[in-house]
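Next up is one chain by itself, shown in structure tokens, the form predicted on its own.
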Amino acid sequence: MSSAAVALFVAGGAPRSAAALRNLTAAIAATGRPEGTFRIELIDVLRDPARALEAGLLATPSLALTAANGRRRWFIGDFDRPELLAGWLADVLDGDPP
């Protein structure tokens, strides 16, 4: 089974940050993948700005997904369409370019 590390970069407890986490959780569930397929790490760039610089972050909320093969892809925005995000997650996990 393939797995992927998902780093969600947010800016504190802002409403957009909370919405991004909710929508990411919904999108992961919508992929239909087994539990544990995605390992989520929540990174607050206000508390850890070095991580944002290290990753080359441009905006929040942003999602960096690193597949088992080491490929990293970015998804930037509010994630207000979980079904679109779910398709993107599945494509990255399956090795297809998003």
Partner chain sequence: MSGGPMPRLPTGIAWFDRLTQGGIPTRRLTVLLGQAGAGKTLLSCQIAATRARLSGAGVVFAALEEPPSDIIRNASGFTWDLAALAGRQFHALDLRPDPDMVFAGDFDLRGMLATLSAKARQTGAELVVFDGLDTVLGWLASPARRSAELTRIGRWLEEEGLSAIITAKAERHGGPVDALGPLEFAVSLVVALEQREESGGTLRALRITKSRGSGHSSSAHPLFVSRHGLEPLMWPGGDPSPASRERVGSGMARFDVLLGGGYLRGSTALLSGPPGTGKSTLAALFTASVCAAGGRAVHIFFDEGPEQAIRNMRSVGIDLAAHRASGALHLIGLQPGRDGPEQLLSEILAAVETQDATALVVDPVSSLMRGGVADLGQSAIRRLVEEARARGMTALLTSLVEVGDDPSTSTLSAVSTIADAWIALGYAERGGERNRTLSIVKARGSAHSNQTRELIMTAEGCTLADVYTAGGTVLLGTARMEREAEERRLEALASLDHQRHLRELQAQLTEAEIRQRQSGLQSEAARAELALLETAEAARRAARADRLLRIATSRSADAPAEGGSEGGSAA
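Just so it is clear, the model here is predicted, and its values are computed rather than measured. Positions refer to the first chain, counted from 1.
What comes next is about the form predicted in complex with the partner chain, which does not appear here.
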Is Gly77 close to the partner chain in the model of the complex, meaning a heavy atom pair under 4.5 Å apart or at it?
yes
Would Gly56 count as touching the partner chain in the model of the complex under a 4.5 Å heavy atom rule?
yes
Using a 4.5 angstroms cut-off on non-hydrogen atoms, would Pro49 count as touching the partner chain in the model of the complex?
yes
Consider Thr31 of the chain shown here, and say whether it contacts the partner chain in the model of the complex, taking contact as heavy atoms within 4.5 Å.
no
